[in-house]
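One chain comes next, on its own, written out as structure tokens in the form predicted alone.
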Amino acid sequence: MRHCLPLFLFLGLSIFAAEAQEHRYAIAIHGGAGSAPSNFSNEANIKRAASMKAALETGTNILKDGGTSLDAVEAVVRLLEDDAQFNAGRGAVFNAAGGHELDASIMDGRTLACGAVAGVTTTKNPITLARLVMTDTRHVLLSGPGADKFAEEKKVPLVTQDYFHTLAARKAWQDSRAKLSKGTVGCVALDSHGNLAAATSTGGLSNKKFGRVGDSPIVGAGTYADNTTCAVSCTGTGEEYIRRAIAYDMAAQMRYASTPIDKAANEILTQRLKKNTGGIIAVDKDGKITMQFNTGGMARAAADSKGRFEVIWGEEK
């Protein structure tokens, strides 16, 4: 006797199989919590929004094609590091000594593997060097000349300090307008394999003390990813994020109290961090995205496999 599946069950299984074959993904990007449009000219705002859109397209295309979240976050951050409009890589701010010291970190939510660099001065793309620390060493964080030497050994592109100079960064330094310097960049992503990743890169605070390290290269403070909870990238006054282990706190709230991702971010920004401290982007294991801040503005963008694709360039909360 032949056994046949009921038609409705057969159709249901077919639909389920089709959905399973689709590439489910989600991605979010920030361009710094000190990036309120009122701080820049109309022309600069248009260019920054265009750069955020290009970065979002880059990450989205990788994820659409079934690429990994790690590849997506690195590619996005590299693109923003190469863009002089942001405080990372090419547009890094000046420290008190008139030089540039760059920080970055990256984390794999699947294995909890992570890599970071702090105070690099000749590495063109700190985020790529951070990933090499993760994959090619037994360490998590390399700093200063040792990190730059590692970049040379791995044949990562090196530059002279004047590569990082921009007129905008020099003006912010000369005017001691640190409020324009919270332009850290970051990206979080969930790929079709169910893996989360996060990456953050920065030039730090304008006129910072020589040797100062903020939260961006500190795993658990400025960057965190765990497949069981979420991926997080932070931006703002790094010392406050370090003191409160903000990136890890997001994941801890979700793990131990089952707090929704948007509620966890809101609690941190309204109850634990003072106003005008910074912002957070995060994506959870189910692809839900949150992008929140308590400053005058934060450049941000998000996309997912459900059709969302938006670049938000405004001061609204």
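Since this is a predicted model, take the numbers as computed values, not measurements. Numbers follow the displayed sequence, beginning with 1.
One more form of this protein should be noted, the form predicted together with a small molecule, which is absent from this view; the next part is about it.
Of the candidate stretches 107 to 115, 153 to 161, 233 to 241, 70 to 78, only 233 to 241 has residues with heavy atoms within 4.5 Å of the small molecule in the predicted bound form.
With the partner omitted from this view, the residue of M134, V219, L205, A147 that lies near the small molecule in the predicted bound form is L205 [heavy atom within 4.5 Å]. Though the partner is left out of this view, G214 does reach within 4.5 Å of the small molecule in the predicted bound form, counting heavy atoms only.
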